[in-house]
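Take a look at this one chain, the form predicted alone, written out in structure tokens.
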Amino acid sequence: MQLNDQDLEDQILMAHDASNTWLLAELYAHAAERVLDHEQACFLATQAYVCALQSNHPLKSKLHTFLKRHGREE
């Protein structure tokens, strides 16, 4: 099932309420892939990366690579 923008936002808010950093990493990464604006994608990927680091999520290396490629990480 594909999430629409409101569903995605609702899930992000619920994950924040539950302090579920694992799920937040996935949701922010998904959101970053969906947006067309480069700056917004990098912002969302940064949020996903921070959550991935906090939860030791396997997305952390993919997100790190994305952020390096876009000059947001060393």
Partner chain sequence: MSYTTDFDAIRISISQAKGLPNAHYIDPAVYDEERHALLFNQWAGLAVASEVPEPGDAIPSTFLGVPLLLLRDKYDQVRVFQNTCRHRGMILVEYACKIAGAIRCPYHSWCYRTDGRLVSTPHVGGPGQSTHKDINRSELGLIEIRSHIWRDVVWINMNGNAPTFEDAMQDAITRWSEFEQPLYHGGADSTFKLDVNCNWKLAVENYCESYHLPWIHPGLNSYSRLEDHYNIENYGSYSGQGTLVYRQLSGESNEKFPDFENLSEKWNESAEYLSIYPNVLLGTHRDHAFAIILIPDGPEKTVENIHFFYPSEDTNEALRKKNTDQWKEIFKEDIFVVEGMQRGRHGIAFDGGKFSPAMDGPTHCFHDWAASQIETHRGLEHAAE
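Since we're looking at a predicted model, the values are computed, not measured. Positions refer to the first chain, counted from 1.
Below, we turn to the form predicted in complex with the partner chain, even though it does not appear here.
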Quick check on Gln11: any heavy atom within 4.5 Å of the partner chain in the predicted bound form? no
Using 4.5 Å between non-hydrogen atoms, is Cys42 touching the partner chain in the predicted bound form? yes
Would you please decide whether Thr65 lies within 4.5 angstroms of the partner chain in the predicted bound form, comparing each non-hydrogen atom pair? no
So in the predicted bound form, does any heavy atom of Ala15 sit within 4.5 Å of the partner chain? no
Residues from 22 to 60 in contact with the partner chain (non-hydrogen atom within 4.5 Å) in the predicted bound form: Glu39, Cys42, Phe43, Thr46, Gln47, Tyr49, Val50, Leu53, Gln54, Ser55, Asn56
